[in-house]
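Below are two forms of the same protein chain, given as structure tokens: structure 1, then structure 2.
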Structure 1
């Protein structure tokens, strides 16, 4: 059991909800220093130990941060920080749960790629092309993996939706992608994947959102089918 996660309905959990409400209502702003642990405990009518547990849990979640010698602050509440722990789900998931995550990724990545086709700048497109060229220049799965992650990360950034990009980052388990690329190497499937990446790139160059959506969905769909085959259907 995660010792940083208070039980639902417990005093620390209620404190977490109250602090979240204070942030949501604007009584605590991003970057603002919290009252001292003692003062906040008094304000919320709980013990200091319960307040300490609530603060620890919100720090793990990326809502609060401790600054040495200065106190506890609300973070900037960036989507990437708040969703960072989401990536643990992808890293630890196996079997049918991993297929479910891929289904979610297919939906989001196709949408992000369509948005990117409409919004991508010349500089962003150049970055995508750089990683595409690097992937095509090697058969080393580790090198391909690094550029594959960067290729999709650049596209997600070009979509202009930080929250969607953060969720996709969480769904992009490096551990799982490494397993896929090793499997592709054994099956001689690199060329197919290169064709899929090329189709995505062509749609971005053409600024064609629907072609980009279809190419990205097909790409993730192939990974989905590969995993289903690995799991025996």
Structure 2
């Protein structure tokens, strides 16, 4: 007789599905404010505790955003919001899977760089050059790493595929690269890295997609091979 559907899964899990369904069906628009935790709990016939667990889960997934004292809101549901959790994979991976992640990155990064070579605008190119120059003007590893990340981020953005850019962002998370690149760059790879970045830049300036693809693939591939050797030996 009860209106509630048969119990499948835990109570919070059901709430998660229901809220996701509301968004999927368009009953909740991006940016829209949800009812209060208390009201939502009553609507779904569950306790506030369980509702909070569901909200917390959707928050870490980048679907909802809770603002203390204000309310709960649906995010813009952009690629960056939803793929932020991708970084967790990179952070918790180790050994062979790091190589797999670098392989995925090589594939996507080379394609993104090729697309960028074809589409990049003068303004975007100037931004890329800014980070390239800053990267070569210092020898502080921290600063270099920051501009290195920004360098590739600008290129990924120029490729025009936000989803791909967000995935690459996750694959290049700060902790991930710090872990892998520490040993790599200690082996005097600075100069080689500079040459590879210069090659990528030249291909972008020349609007040569195939050269850009090759340069980016080689760039990531270098690190990939080094890491493979580290694990193998």
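Positions refer to the first chain, counted from 1. This structure is a prediction, so every number in the text was calculated from the model and none was measured. Whichever C-alpha set is largest while still superposing within 1.5 Å between the two forms counts as the rigid core.
- Only structure 1 matches the form predicted on its own.
- Annotation: rigid-body hinge motion between structures 1 and 2, rotation of the minor part against the major part equal to 18 degrees.
- In this core superposition, residue 15 moves its Cα by 4.0 Å between structures 1 and 2.
- Relative to the superposed rigid core, residue 48 shifts its CA by 6.0 Å between structures 1 and 2.
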